[in-house]
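Only one chain is shown below, in structure tokens, and it's the form predicted alone.
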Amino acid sequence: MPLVRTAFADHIGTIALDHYDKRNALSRALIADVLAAFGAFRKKTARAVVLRSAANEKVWSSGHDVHELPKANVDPLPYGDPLEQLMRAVKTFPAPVIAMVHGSVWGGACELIMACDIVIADETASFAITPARLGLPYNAAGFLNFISRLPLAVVKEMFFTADPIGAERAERVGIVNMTVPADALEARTYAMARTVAQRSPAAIGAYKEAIRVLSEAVAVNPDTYEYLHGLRRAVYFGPDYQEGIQAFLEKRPPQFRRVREPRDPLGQKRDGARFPRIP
């Protein structure tokens, strides 16, 4: 059975996550259905797409399906990961993607919200980015999705604490465009979609692509890129990631241990030119 429901009317596509047995976890199978829907709507030249849950449950999405993450010693978020493909599909879709959020949004689903163009939520919504609970190293593209949307202090708070931000504050800091009462959420979201669909699709498509390119125009030299990748490798080869995944699967709190400051291969602290030791 498909894990999403789709509809298309008045130039507006709808993709509704519908796998509540797993709290709409972003599994490979569910993401494949979402990507197929985006492909179909692209062919139909949709002027807006609403991304939502199929029913008003407590959890909008629980995020990346942790059971599909590698246990250790492998990059958990490579370029070809289905979740990374989904982020790129949302950002490069030629029409605005509007997220309609009822309930809590966790982990990778929180980044998915950041990738959407407009976010409308009700008072039940909350947003948490949770890799620190798993000891999971995040990638540069993921950080950029947050940094391009939110104040830096809020990004740090979200990643460092992994705690949820409620609907009212989410609107204040820029996670969502607006919060509305739950009984008005659907009407307000589709009113926004209809407004967008009535404007010039050619102009809006150009606006969206220009904004995407400009927001991602961050100059990173090769040394810096290798340094960032080295930081990530040191985590997913290290004990915290293995412990975090194992603790999740065993349904217990993780026991992360204190680690020493990374040092370069020559045993010196990094001075801006050297890189941390890679296991």
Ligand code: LCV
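Since the model is a prediction, treat every value here as computed from it, not as a measurement. Counting begins at 1, following the sequence as shown.
Unshown form predicted together with this ligand; subsequent notes refer to it.
Asks: With this ligand left out here, work out from 177-185, 102-110, 88-96, 192-200 which stretch has heavy atoms within 4.5 Å of it in the model of the complex.
Replies: Among the listed stretches, the partner-contacting one is 102-110.
Asks: Using a 4.5 Å heavy atom cut-off, state whether Phe248 contacts this ligand in the model of the complex.
Replies: Output for Phe248 is yes: heavy atoms within 4.5 Å of this ligand.
Asks: Could you confirm whether Leu17 comes within 4.5 Å of this ligand in the model of the complex, counting heavy atoms only?
Replies: So Leu17 does not count as contacting this ligand.
Asks: Can Lys58 be called a contact residue for this ligand in the model of the complex at 4.5 Å between heavy atoms?
Replies: Lys58: yes, in contact with this ligand in the model of the complex.
Asks: Please run the contact check for Ala170 against this ligand in the model of the complex: heavy atoms, 4.5 angstroms, yes or no?
Replies: Output for Ala170 is no: heavy atoms all beyond 4.5 Å of this ligand.
Asks: Which residue, Leu136, Ile204, Cys116, Val155, is the contact with this ligand in the model of the complex, using a 4.5 Å heavy atom cutoff?
Replies: Looking at the other structure, the residue within range turns out to be Leu136.
Asks: Even though the chain is shown alone, can you say which residues of 8-31 have a heavy atom within 4.5 Å of this ligand in the model of the complex?
Replies: Asp21, Lys22, Arg23, Ala25 sit within 4.5 Å of the partner.
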